[in-house]
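Below, in structure tokens: the form predicted on its own, a single chain.
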Amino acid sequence: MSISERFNRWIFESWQVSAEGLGLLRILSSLFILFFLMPGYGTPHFNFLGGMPPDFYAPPPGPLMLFDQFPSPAVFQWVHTILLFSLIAMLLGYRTKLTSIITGLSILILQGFIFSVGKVNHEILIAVVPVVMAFSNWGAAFSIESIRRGHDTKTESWPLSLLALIIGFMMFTAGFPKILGGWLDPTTQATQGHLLNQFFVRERQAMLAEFMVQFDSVLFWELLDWLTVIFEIGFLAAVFSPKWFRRFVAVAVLFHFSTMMILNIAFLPNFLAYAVFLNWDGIYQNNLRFYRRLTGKRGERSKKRSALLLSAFACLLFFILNRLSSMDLVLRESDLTLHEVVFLFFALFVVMWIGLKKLFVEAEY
């Protein structure tokens, strides 16, 4: 097999997708962004940014460097409104490809201006996911488009290969500078130094932070330095094998969970991208079987109704969690929010469940 044939096989045959699975992914991703990942903190935040002096404008490299100051609050509101309408249209599956791209671009614009005050958060995957998945035809099922006659039901799997490559490259760009920065130097422990900075300077002292600050083991902290670098560098190589990439995604969940518990940093936007690589067709089939057992219905309509029921349940759950998180009833002295902690614990449970299932159930066959 030639190199070009192998490359084409990796791009187009690595991942198996279905219209129903992609439809569920689109709906839940839209709800996740709508309730938890919208850029900015509303009108007061936009008014604050729009009123900042031009001297404070320090945009990241890119098109926003063409501006010499922050736009007016009205511009922020317009972009935010466009994002809201396009996101709802993406959720409902109306002109899904176009509205997914508009959603991603609107997020990028807002993120660009928000991060033009000098501090840049690693949240670009919020914008990347809808733009890349727009080309998968994830509006082929459970959408307004699917109601029309002659709608395109063909799905594409290559966007998952592209998204995997983007994630792998992002991880590599996080790991390679660590090598240059001395993370593998046995005389220094970079992870421990980062913990001390987060604990004493940024006062991120929730979860296990206080316990880990007092844990003074050179071997342990040096091992974490090496494992972190190996993990982040190896992610790019794992891109070319779906099996290994999913394993690295599982390790990434454990990595981010430990980061939350020790450093009080959640990296929640990454989980939007990681979720794309779940077996969404299997999730759809399991949900359909549950709905049919629950209702006793077996007709063709049960497929759409099962997806509608799951979507409604997710919407209600996200709404409640969003309200509880905004009330700031817990974690008052932490940068972490309730929904971040809940989702990372849930992701940990999913990874452990899948791992145990493969270890004990599939081993019987």
Partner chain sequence: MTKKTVRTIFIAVMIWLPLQYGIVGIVGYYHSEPWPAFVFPGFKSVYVYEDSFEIEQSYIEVWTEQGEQSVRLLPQEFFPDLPLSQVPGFMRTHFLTDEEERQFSIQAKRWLHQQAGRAAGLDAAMLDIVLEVNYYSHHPHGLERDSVAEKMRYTINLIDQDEHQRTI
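Numbering follows the first chain given and starts at 1. On a predicted model such as this, the values are computed, not experimentally measured, just so you know.
If you look for the form predicted together with the partner chain, you will not find it shown, but the lines that follow are about it.
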* Asked: Pick from 77-85, 282-290, 193-201, 141-149: which stretch has a heavy atom within 4.5 Å of the partner chain in the predicted complex?
  -> 193-201
* To do: May I ask you to state whether Leu272 is within 4.5 Å of the partner chain in the predicted complex, using heavy atom distances?
  => no
* Does Lys178 reach the partner chain in the predicted complex if we count a contact as any heavy atom within 4.5 Å? -> yes
* Are any of the heavy atoms in Phe345 no more than 4.5 Å from a heavy atom of the partner chain in the predicted complex? -> no
* Asked: Looking at the partner-bound form in the predicted complex, is Pro63 within 4.5 Å of the partner chain by any heavy atom?
  -> yes
* 4.5 Å heavy atom contact with the partner chain in the predicted complex for all of Phe56, Ile124 and Gly182 -> yes
* Of Ala89, Ala238, Leu108, Val249, which residue is found within 4.5 angstroms of the partner chain in the predicted complex when only non-hydrogen atoms are counted? -> Leu108
* To do: Would you mind picking the one in Tyr94, Phe220, Phe169, Phe231 that has a heavy atom within 4.5 Å of the partner chain in the predicted complex?
  => Phe169
